Structures are given as structure tokens and as C-alpha cells.
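Only one chain is included here, represented as C-alpha cells and corresponding to the form predicted alone.
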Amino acid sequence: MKKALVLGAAGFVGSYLIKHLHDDCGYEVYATKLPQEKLAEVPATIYDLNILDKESVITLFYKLRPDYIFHLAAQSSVSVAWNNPQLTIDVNIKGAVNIMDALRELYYKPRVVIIGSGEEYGHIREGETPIKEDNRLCPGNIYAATKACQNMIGSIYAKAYDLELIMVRAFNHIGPLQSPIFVVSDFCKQVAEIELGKRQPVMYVGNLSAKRDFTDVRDVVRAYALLAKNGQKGATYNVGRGHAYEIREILNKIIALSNVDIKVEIDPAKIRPVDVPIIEADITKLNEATGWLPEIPIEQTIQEILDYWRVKCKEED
């Protein structure tokens, strides 16, 4: 039986990826989290690991010797990156290098999927969308800059040390369980609280004109697993729906599912210092390598996120 290791499994994507690798791919799954993190019951053997501790990374790789490694461990919030740049640089760059160095020093070559972000492309010029993988990188925020650096280093390590590294630029992925620091989950939580009378019927929002490529997290983890098997060593692949939605359109879809009248107001605290007008993926390269296409409609995802928050907010009473 093939072994898969998910690094940083306590985050939003981790439990979905573990379940897919175990239930759909038939792998023996291992996963890591930080000691202070909690991970819901999943079909995996769990280890505590801080990727900033290189010796611990080496020890775990030597013990498990998985066939596939999925590097999800990251500081993934753009807003947190603005507030804590040093943490974001340490985890997203130094932590990634520790993982690559561990493989290099062990002379061990599993297939490794390194997760980056569509935000790496940054400020897109007219005519550059949908964005191809060879588009210039012009990160517009600190988080994106760290992910762009991770990608470049991964490409170099794959060539220089003959490591089986596959880089991903994942665009916005959404689904139940996502933290409300992310926009769609935030909107759905606010609606659920308004419906329960926990807040006034006013939605506080940031920039509604930005356009983002939103994909259901369950589609995203399918792409990761396919790339682990079929991706080209040293190559980078966009993972997204291939269509950008204006944030205002997403908000309107959510409000339309509500059973109360809701007013929308701009909250200056939710406006980012720098924002990118449109981010939309060209997923041709991913499709040609794996046959992957998104399957879950965004309307279904939004409904499930809203229903998740309706239940969770009621449980918190």
C-alpha cells in the first residue's frame, strides 16, 4: 500500500486531503500538526511537527519514508501576513527549505507536492487573464511574495538535486470548516448570525469589486492527489476553477439564500492595504497532465458553507 504524508494537516485543507487520500486513493495516510493545534478525527496517524525544526523533519521522513508528501504547512492568511511579516517569511520560506533539505540530505526521492498560491502572480496587466503558469510574477502582498520565493526555490531544488518536486499555485478554495478570516466563510458566518438574531441585519464587507477564482476544496484536493502521481518533476501547475467571480456576485448569492433582509456596509478594517483587481487561473496545463476539471458548482459550495455556519452558530448558543 502506498504511503502519503500530509504536512500541516490542521489547516482547512488538511482534513479534506487526508479523507480523499485514504477513502478515494486507498493510501496509508500520515499527517502532521503543531503541538498546540487540534485536528478532527481523520483516517490518519498523526504526529506533532514544526517544520522550522529541520532535524525533526529529517527524523520523521526517515521513519515513515512516504511515497507521496503534500506540503500544506504554511501561514496562509494575507491579512495575518500584513500584521506579522516575520512569521510568514519564517514558515513559508524557511520551513519549505527545511523540507527540501531534509529530502536532499536523506538521498530520498518521494513525490512531493508543494502548495503555493495564485496570489503569486500579483498585479495582472490587461490581457494577461486567464493567467498561465509562465506569466510574470509580481506579488502584491507579503504572503504572495513568500509563496513566489518558495516556488522559485522548489524549481531550483528539483533541477539541482534531482528531487521529485511538483509546485502548485492554488487559487482561492472554499468549503465548510474554513475559517471566517477568509471572505466567503466570513460572509456566510455573518448571515448565519443575523438569521439567529446574534447581530443586527447588516453585512460588513471589504472590497467588493475584486474578482477571484473560487474552487470547492474537495475539487482542489483531487487535483493535488492527481498531480502527485502525474505531475512533471520541477513543473508548476495552476489549480483553480478557471473562472473569476466578483466578490459582490458571491455576496449576492449568499444573501439570496438568507431568510432575512440584510443591508450591506463597507468596513474600512476589512480593506487590504494593497489588493489585486482580478485573479483567474488558466488550468489547461493541469487538465492536460491529469484530466482534472472542477466538478462541484459554486452555488452548491456556498449553500454548504452557509448551512455549516447555521449549525455551528446555533451550537454556540
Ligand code: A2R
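Just so we're clear, the structure is a prediction, and the values are computed from it rather than from any experiment. When you see a residue number, it is the position in the sequence shown, counting from 1.
Missing here is the form predicted together with the ligand; even so, the following discussion is about that form.
Student: For the chain seen here without its partner, which of 190 to 198, 111 to 119, 208 to 216, 231 to 239 has a heavy atom within 4.5 Å of the ligand in the model of the complex?
Tutor: Going by heavy atoms within 4.5 Å, the stretch is 111 to 119.
Student: Is residue 11 near the ligand? Define near as a heavy atom within 4.5 Å, in the model of the complex.
Tutor: Yes, residue 11 is a contact residue.
Student: If we define contact as a non-hydrogen atom of the residue within 4.5 angstroms of the partner, is residue 173 a contact of the ligand in the model of the complex?
Tutor: Yes, residue 173 lies within 4.5 Å of the ligand in the model of the complex.
Student: Residue 145 versus the ligand, in the model of the complex: is there a non-hydrogen atom within 4.5 Å?
Tutor: Contact with the ligand, no.
Student: I'd like to know whether residue 91 contacts the ligand in the model of the complex, with contact meaning heavy atoms within 4.5 angstroms.
Tutor: The answer is yes: residue 91 has a heavy atom within 4.5 Å of the ligand.
Student: What is the one choice in 131, 166, 244, 72 with a heavy atom within 4.5 Å of the ligand in the model of the complex?
Tutor: Residue within 4.5 Å of the partner: 72.
Student: Given that the ligand is left out here, which of 64, 46, 250, 49 has a heavy atom within 4.5 Å of it in the model of the complex?
Tutor: Spelling it out, the residue with a heavy atom inside the cut-off is 49.
Student: Could you pull out the residues of 24 to 40 that have any heavy atom within 4.5 Å of the ligand in the model of the complex?
Tutor: The stretch touches the partner through 34, 37.
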